[in-house]
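Given next, in structure tokens, is a single chain: the form predicted on its own.
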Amino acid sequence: MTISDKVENIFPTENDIPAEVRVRALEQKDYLLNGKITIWRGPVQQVFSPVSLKGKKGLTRKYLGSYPLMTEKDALEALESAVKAYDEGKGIWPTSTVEKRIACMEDFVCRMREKRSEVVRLLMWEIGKSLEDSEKEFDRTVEYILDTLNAMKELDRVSSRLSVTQGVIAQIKRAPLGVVLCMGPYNYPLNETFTTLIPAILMGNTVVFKPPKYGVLLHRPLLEAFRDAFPKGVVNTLYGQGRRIIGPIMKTGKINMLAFIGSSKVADILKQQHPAPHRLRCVLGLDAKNAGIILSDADIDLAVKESLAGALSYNGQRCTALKILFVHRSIQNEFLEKLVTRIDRIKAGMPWEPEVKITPLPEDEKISYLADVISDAKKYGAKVINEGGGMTNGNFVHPAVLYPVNNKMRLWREEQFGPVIPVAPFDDIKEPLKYVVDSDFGQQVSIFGSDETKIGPMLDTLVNQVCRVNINSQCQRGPDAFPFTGRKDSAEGTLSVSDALRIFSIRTLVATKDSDANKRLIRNIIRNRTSKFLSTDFIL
């Protein structure tokens, strides 16, 4: 069967769907507000899967359900619920002991695990992620929460002692910041959302949480878990069009911290809407245009394998994806031949199929966008060098390798966020290095080679341009214990298991002069437990 035939017949009929992965439409008519599952009686947004089904009338998108289209009034109610729960730092949650917060989160994890199959199935159907990767995302999220709990215990242990310095007795701990607005991305709607939501909650903040545009329904099975595990008002959900519901709550100035993963353009708009941007703390995961640099002495088979995984995992819809490859001209022919050969072997199909790698895309507008950037690259001299590259059917796009790309093309500077691989030849290492230096983005880069005299000096340049240099491997986020951030327009703040706890809190201390009377006072406060902050309890 040719690539053209495969693309043309990529979608199944309703009867072709295995019984074990079928999904019923979920009509979500509720949301979490002030500790209650509140019924929604207003307009709703219908949800369709990127998967289409063949029928007598052609292709029809699979209907998955609907969710509330909330208004400015509803958004302000969600915000006020979080503000009331925080209560200027006097609320039950911000004044809870670390041990109490940990217990609540452990309860949440237990409840979350019970919903694994529901969440995984919706994750697969809503964004077209393979079943295997959807299961990995859920399991990795649970693991992330458990690792965060351990990091929280260790952080509190370090803070459990008093210090005496220059005649001053003090205890230094971390305190919450206030009300946090959490907005995650559609490509990892569970995992990346929770990498900000979970530490924000654990540190004593209250939260307004808006799921991404794609990947909304998968959060519905967890509403009761949030409701039952945490005090009322700690977690409040918000659904609808971001322009309609996010602007009004930002403009109140009552959001103390913005946790957003998306485009830098949207992040700038959100920050500018806050009346006191200098008071707004932010942790932002933004755009990236990570480059892969394949040197003349690279292990070509390894470079091809890693480059392909880096460029096409989840259809290239990852901020950490390799979005442009620079290949030394002396090995370009062999590299490209092997790259194209391996692409032909990649399994494309429906998310539930075993070992599938290329699936339909959730964004409708992405199909025409990718066609536009491919056309633009051809206009300036590039060619699609793999069979069927760029062919579409519904929301499915067959991967395209474009060669040679140059600085006149949109693919040179724009983050394609899809299954398109631009490849540029180079003769002098200064060429790809200049690309990285001149780029508006500074997340990661990958180098493939074996000569330490070449790679060593490159590292010294690149570590001051990006925040992670990968040697002979694709760009990636994990392990979660490692810092995840970026320079330039790629990020603000650092996320990792331990960094996230710090970024959603601030160091606060209680201090007094070293005198007998003050020692007695501090001793009695600790002994009689009249303060939850001032404490020498040690969590095991």
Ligand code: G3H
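Keep in mind the model is a prediction, meaning the values are calculated, not measured. For every residue, the number given is its place in the sequence shown, counted from 1.
What comes next is about the form predicted in complex with the ligand, which is not displayed.
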| query | finding |
| --- | --- |
| Contact residue in the model of the complex, from Arg318, His328, Arg101, Lys366 (heavy atom within 4.5 Å of the ligand) | Arg318 |
| Answer option from Trp125, Phe209, Tyr86, Tyr188, heavy atom within 4.5 Å of the ligand in the model of the complex | Tyr188 |
| The ligand in the model of the complex reached by all of Phe260, Lys271 and Glu492, non-hydrogen atom within 4.5 Å | no |
| The ligand contact at Arg477 in the model of the complex, heavy atom, 4.5 Å | yes |
| Any non-hydrogen atom of Phe504 within 4.5 angstroms of the ligand in the model of the complex | no |
| Touches the ligand in the model of the complex: Asp74 (any heavy atom, 4.5 Å) | no |
| Touches the ligand in the model of the complex: Tyr67 (any heavy atom, 4.5 Å) | no |
| Which of 31-39, 505-513, 469-477, 59-67 sits within 4.5 Å of the ligand in the model of the complex, heavy atom basis | 469-477 |
| In the model of the complex, residues of 128-142 near the ligand [heavy atom within 4.5 Å] | Arg140 |
